[in-house]
Structures are given as C-alpha cells and as structure tokens.
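One chain comes next, on its own, written as structure tokens: the form predicted alone.
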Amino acid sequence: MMTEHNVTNFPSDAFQYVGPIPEAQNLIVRAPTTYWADAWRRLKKNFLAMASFYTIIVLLLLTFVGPFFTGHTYYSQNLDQTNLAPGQQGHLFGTDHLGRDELTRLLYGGRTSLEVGIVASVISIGVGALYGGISGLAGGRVDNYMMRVVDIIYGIPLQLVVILLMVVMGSSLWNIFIALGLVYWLGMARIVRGQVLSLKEQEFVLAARMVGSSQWRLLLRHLIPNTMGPIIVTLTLGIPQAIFTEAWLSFIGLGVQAPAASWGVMASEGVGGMTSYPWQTLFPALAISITMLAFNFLGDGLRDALDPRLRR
C-alpha cells in the first residue's frame, strides 16, 4: 500500500543565514598538498634517509671542491715521504708507497666513482625509461620482441663485456662507461615497462587518446611522468651498484689505470701492505661503504615516501 507524504512549501523568509560556522574550520586536518610535497614531508620524517641525503651532499662537495684545498695533487710523488702514517708531515690521511697524499687521491677517487654513478643514472633514464616505455605502450608482438632483446643482453655477464673491451680498446674509465651503457639500462627498462602496462589502461590515458594525443605525446607527457616514483627509487638504488662495479673492476685491474685515482685502485694498491700500512686500504674501503650505505638508505626512504598507498 502506497503512503502519500504531504509536502509543505516554506516561505523564503522562514530561514535565516547564519554565515560560516567557526567550529567547522577545526575539522580541516591539514592544507591540501601535492604528491611531491607530501612525499618530501614523509621523507623528512625518515632520519636515516635524511642523514644519507646530507651525507651525499657532503660527499659531492668534498670530491669536487675538496682537492683544491689539500695542497697536493693526486699524481705528485715524493719518495722521501713514502708510507707515512696519518697526520705525519702535513698528510692528514698519510701517504702511499710512492709518497702521494692519500687524502687528495681519496677525494679524486670519489670524483671518479660519482662520475660513474652519474653516467649510470643518465643511461638508465635516457635509454632504459624510454625503451621500457615504448615496449609497454606498444604491447603485443613489439613488446615481446623488445623484451627478448633485453633478456639476451641480460645473459651477457658484465665482466665478459669489460674484458673484451679491455682487449680491444685497453683498460680505461671510458671502457667502464661503455660497459655500463650496454647493460645498465636493462633493469630500468623492465620496471618502466611494467608500470606503463598498468597505467595505459587508466582513465586519464583514455581521455588523452580521446582528445587526439599522439603516441609520443602520450608516452612523454602522461605515462613516463607518472612512473617517476619507481624511476627515482630504482635510480637511487642503482647508483651504489654502479659505484661498486667501478671499484671492483679497478681493484682487479680492469678499470681506472695509474696514475689516475679511484677507490678501487687505492684499495688494490693498499692490499699488499695491509699488515704494515692498514690505512691505505681502510680509507678507500670506508669511503666505498659509506657511499653505498648512504645511497641505499636514501633509496629505501624514497621508496616509502613515494608510495601513494602511504599518503594520508
């Protein structure tokens, strides 16, 4: 049985406007913010990540500016001051078997290692992100062929690539750059491809297609910018891997060659006198460890800060 409801028409003068309610303003938790501002706010709460961030800044300043203030060059030899202990005769970190200042060589070696990390990051973004984005957006047979190329290159060991380059072109830092250029973008390509595969079916991509966006505009203006979170995290975690790769290759004699300075070269030179002059191995080992830990802790913090599921 239907029930009829009487609707009463109230006159307009039956209501009185009371204005904004002050108590309602207290319900606002915080001001609206952007995704990146919210990520920065979360990152600042992570003590290890922020400490690592400032440590990396100090390392950059020391390696690129510090050598000008040590009063020594990384290649100058003084056979009258060989194997000095730290603090002797104006050498804060001592000298090596050729009388070269260890602090100056350590700072120059850090410059070499950070250059390797920068080159690896440029390769990862410039090649890996673009390759993975194209593969994920194209899909189908094109995606299958492009990923098989990645799998084939993944099967070639980095050590084999460097050894072949050393035989053909000789050992140098540029050969390390070439080796990184051949294999270092593969992980980034896989990550960006997976992100693009999940994003290209979203509503904002369909809207961009409806207004006539080309494939390149869709990739460069909509898809890749929305994968910047995973890209930054992968990049931050990949830089220490590149630094360690350079140090390891230089340690075994396949990387930077004398008289150029590198943390791997310094550690290799100091191993022979570790029992008598342990600081020659200790300082470059500590530098490698601190740098790798700083980038790893920063990467972990960025991974948590850029996770949209943690946004409140």
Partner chain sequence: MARYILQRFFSALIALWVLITITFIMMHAVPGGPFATEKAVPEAILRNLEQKYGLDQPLPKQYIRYLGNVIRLDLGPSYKFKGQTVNDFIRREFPVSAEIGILSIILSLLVGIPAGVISAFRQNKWQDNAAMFVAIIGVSVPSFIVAPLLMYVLALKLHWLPAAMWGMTWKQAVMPVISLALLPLATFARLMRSSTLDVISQDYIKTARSKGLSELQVVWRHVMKNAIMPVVTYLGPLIAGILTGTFVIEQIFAIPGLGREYVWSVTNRDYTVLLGLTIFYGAFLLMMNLLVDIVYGFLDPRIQLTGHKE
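For clarity, every value in this text was computed on a predicted model and none was experimentally measured. Numbering follows the first chain given and starts at 1.
Same protein, other form: the form predicted in complex with its partner chain, not shown, and the subject of what follows.
Note on the partner interface in the predicted bound form: the residue among 39, 267, 56, 49 having a heavy atom within 4.5 angstroms of its partner chain is 267. Listed residues 140, 157, 225, 212 were compared with its partner chain in the predicted bound form; 157 is the one with a heavy atom within 4.5 Å.
This chain is displayed without its partner chain, yet in the predicted bound form the stretch 160-168 from 160-168, 227-235, 203-211, 104-112 comes within 4.5 Å of it by heavy atoms.
For the candidate spot formed by 178, 183 and 195, no residue has a non-hydrogen atom within 4.5 angstroms of its partner chain in the predicted bound form. The closest heavy atom approach of residue 252 to its partner chain in the predicted bound form falls within 4.5 Å. Among heavy atoms of residue 256, none comes within 4.5 Å of its partner chain in the predicted bound form. Contact check for residue 281: a heavy atom falls within 4.5 Å of its partner chain in the predicted bound form. In the predicted bound form, at least one heavy atom of residue 271 sits within 4.5 Å of its partner chain. Scanning 205-219 for heavy atoms within 4.5 Å of its partner chain in the predicted bound form gives no residues at all.
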